[in-house]
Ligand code: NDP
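As structure tokens, one chain now follows by itself in the form predicted on its own.
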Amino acid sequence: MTNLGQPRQSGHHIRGSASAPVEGRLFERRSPVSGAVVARYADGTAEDVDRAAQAARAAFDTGPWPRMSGAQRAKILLRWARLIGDNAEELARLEVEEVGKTVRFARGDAAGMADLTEYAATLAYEVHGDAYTNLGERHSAVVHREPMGVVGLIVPWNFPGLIYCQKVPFALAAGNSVVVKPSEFTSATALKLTQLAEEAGVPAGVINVVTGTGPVVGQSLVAHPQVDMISFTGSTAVGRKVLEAAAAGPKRAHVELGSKAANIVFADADLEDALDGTLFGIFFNQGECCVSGARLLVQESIADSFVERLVARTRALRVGDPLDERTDVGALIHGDHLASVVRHVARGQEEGARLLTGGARQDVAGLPEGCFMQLTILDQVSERMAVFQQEIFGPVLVVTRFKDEDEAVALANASSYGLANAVWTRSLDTSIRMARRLRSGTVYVNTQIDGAVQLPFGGCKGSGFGREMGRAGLEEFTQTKSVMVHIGKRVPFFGAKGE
């Protein structure tokens, strides 16, 4: 694997320029593919977060951005989207270096970054309030829709650029300023995207980036008194801590957390499509995807043959160098996560699951330090097993059989999570019933990990609350203000009624 050159070295991005950390500390990011150092970033402190929050506050309180018309903001965001498109290959390769995902799919992510930003620009034209003219002849009212102010955005490592663009352009379209905390494993795209935003005309201080760890930078950002709102994407365990800290403010918090999505295959499905969708649903992005179809629920009458064909196709997939165009699955994010995935598989076997393929670290020629995982399928998994209930976040599929629709619904909903589920069937009636009965923010029908920028995305139950993308993704970053107007001379509430 070849990287982009010598290790990059980057400070924070505060008030429009690179900014060294207060204490001058740096941390290294090693490639999950080769083990080589690819970047050194500023190791942020509470003081760095304070500088960024103060810059964002000044940009919001006295700067031009929230005072621009929606059309003015939209034109700048559209220029930003075009610049993202122009720099798509660099953005994709930065994600290959730091995430370990394949370059083929990283290019798709880069295209998605541009699409999200372009769509957010169109929404900037549409931020408006409501007029109430039916309150009688002496009253009229207007409900304003206003930006929240300063928003803290915490971005995960699995889709760092894409999720940055699910948050930042929408927050900006509404008129906010932001402080972004990228994952310490994948900081490159946040810094590059912010640079492109300012080239497009976003004023300095509207987007600020502080790199570093969650316990220091993330915690300081959530607790900072100048931050009015937090938007967090990450694990359920960390999300609970974010909500607790935000509640102490109190400040609004939007969280998108873990998942254990069911991929439900009925006997009447197009089985070729279902096989392809099942493979994509679990092995896309190495299984490090919040909506991965990690639980295959397959109807008993077709289960044996379907699983047999699935195993054969899984063994034909190529795990390896993500810059090789022929590679299907890249490396996991780091060694500790790889070890965690292997432990989950071992526990599943201990609890009675049958290992059909995979289950261990994958050796890749020429990349002895790479964090590669064999593509894994566990069969005969019951709902009581940890591998059925817990998010593994890797290329591990667990298989459970069901008899009928009611049992499929019960198994799918037998999870603390509620982000996404998928259904494969040729029956329109079945698909509609299932979509209504499944408890998740998204239901895919005869497709997997699919969507559009216009559609709101988010979860229920243990997968969090709030929405990104779509009109709801912009409204998430706004608040309403009611303005009541009395027309004409007001009759006194108090006074000499006899005068």
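In case it trips you up, residue 1 is the first one in the sequence shown, and so on. Here the structure is a predicted model, which means the values were calculated and not measured.
We do not show the form predicted together with the ligand, though everything after this point is about it.
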Study note, to complete from the structure: For the ligand in the predicted bound form, the stretch among 389-397, 406-414, 370-378, 299-307 with residues bearing a heavy atom within 4.5 Å is 389-397
Revision key, fill the gap. Interface check vs the ligand in the predicted bound form: of Ser382, Thr357, Gln349, Ser235, the one with a heavy atom inside 4.5 Å is Ser235
Exercise for review: May I ask you to choose, among Gly320, Pro156, Gly205, Gly277, the residue with a heavy atom within 4.5 Å of the ligand in the predicted bound form?
Suggested key: Pro156
Exercise for review: Answer for Glu97 alone: is it within 4.5 Å of the ligand in the predicted bound form, judged on heavy atom distances?
Suggested key: no
Check your understanding: Closest heavy atom of Val151 to the ligand in the predicted bound form, within 4.5 Å or not?
Key -> no
Point to revise | Contact test in the predicted bound form: Lys241 vs the ligand, heavy atoms, 4.5 Å | key: yes
**Study point:** 4.5 Å heavy atom contact, Pro182 and the ligand in the predicted bound form
**Key:** yes
**Study point:** Members of 241-268 lying within 4.5 angstroms of the ligand, judged by heavy atom, in the predicted bound form
**Key:** Lys241, Val242, Glu256, Leu257, Gly258, Ser259
